[in-house]
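Quick heads-up: it's one chain on its own, the form predicted alone, in structure tokens.
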Amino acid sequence: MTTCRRPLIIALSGCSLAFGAGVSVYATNAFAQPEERPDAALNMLVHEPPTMEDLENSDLHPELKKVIRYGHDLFTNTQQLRGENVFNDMNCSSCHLGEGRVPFSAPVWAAAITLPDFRGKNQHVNNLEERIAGCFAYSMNGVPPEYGSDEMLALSAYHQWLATGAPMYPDKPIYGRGFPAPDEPAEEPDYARGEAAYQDNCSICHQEDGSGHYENDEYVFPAPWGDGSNNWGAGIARLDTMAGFIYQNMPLGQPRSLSEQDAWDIAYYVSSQERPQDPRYTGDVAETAERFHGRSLYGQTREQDGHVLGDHDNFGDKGDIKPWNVGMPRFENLSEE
């Protein structure tokens, strides 16, 4: 991970869970995937994104190169927007490892070739800028840059640069897309086992209390929960997504080295900790859980102490600022067919 506040969303397993930190280190081995890659990639779209070195050697207009460079800078050091658009310790590269290029770490070029498309999370067709805005509202616990702003254009341009050469709306599944969850574990995910596995594998970088690691007030390894982490609305707050990130990427540089059981157990433990409130919160945790949280532990009662997860009014450093993009309806004037 980098040392300029590159938070990860879930930094879990031993020094490797720090998603944000170590992104540049991981980039060199971004495509060193497990042995089964050749078989897994059969009849799939396999795309190796261009690098920033490729950008410098390209024939693109110098002004466009400047914008793509700025997008890369924002992506890997989103903390420069702290207090305006970002209100936690995350960077885009905290979740999307290797500068957004790594398979099985939600490589962002996939969004550039599959959007616009319908998105179940907000129940309407989203374009690339709207998808990025969602990351700011949830993963960054923040407020997105305006559509069409310099920052949004730069981030979009970087996503599209990474997609160079990949077909739009591919007719094959995309290899390495998202955070594929491991197979169901032999035993139900367990809090106590997860806590033990976290302490053994993750606390060295992310602290026993999940507060993350800082040196000289600079972020080194991210907080997997608490105010410095993503809020309850982030995709990584889903148990299966968390397990997928851990299994596919952690420890950093050692993908799939944890057992499937350990990945699920650690995910269950981390997902059982508090984080900032979901910006879609209706004021009633049970109602919010029913509407938006079918795959997370939000609204569930923690057996260890009877605490109802998400039952609070803590929105983190953002306070009562509401992201302008949350709950914004689209295409309401279109007739049903």
Ligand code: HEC
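All residue numbers refer to positions in the sequence shown, first residue = 1. All values reported here derive from a predicted model rather than from experimental measurement.
In what follows, reference is made to the form predicted in complex with the named molecule, a form of this protein that is not presented.
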**OP:** Quick one: from Ala154, Leu239, Ala110, Val143, grab the residue that has a heavy atom within 4.5 Å of the named molecule in the predicted bound form.
**Re:** Ala110
Original post:
Does Tyr175 reach the named molecule in the predicted bound form, with heavy atoms at most 4.5 Å apart?
Top reply: no
**OP:** Decide whether Phe104 counts as a contact residue for the named molecule in the predicted bound form under a heavy atom distance cut-off of 4.5 Å.
**Re:** no
**OP:** Report yes if any heavy atom of Gly244 sits within 4.5 Å of a heavy atom of the named molecule in the predicted bound form; otherwise report no.
**Re:** no
Original post:
in the predicted bound form, does Leu252 have a heavy atom within 4.5 Å of the named molecule?
Top reply: yes
**OP:** Give a yes or no on whether every one of Cys135, Asn201 and Pro224 sits within 4.5 angstroms of the named molecule in the predicted bound form by heavy atom.
**Re:** yes
Subject >> Partner contacts for 87 to 107, taking the named molecule in the predicted bound form and a 4.5 Å heavy atom cut-off >> reply: Met90, Asn91, Cys92, Ser93, Ser94, Cys95, His96, Leu97, Ala106, Pro107
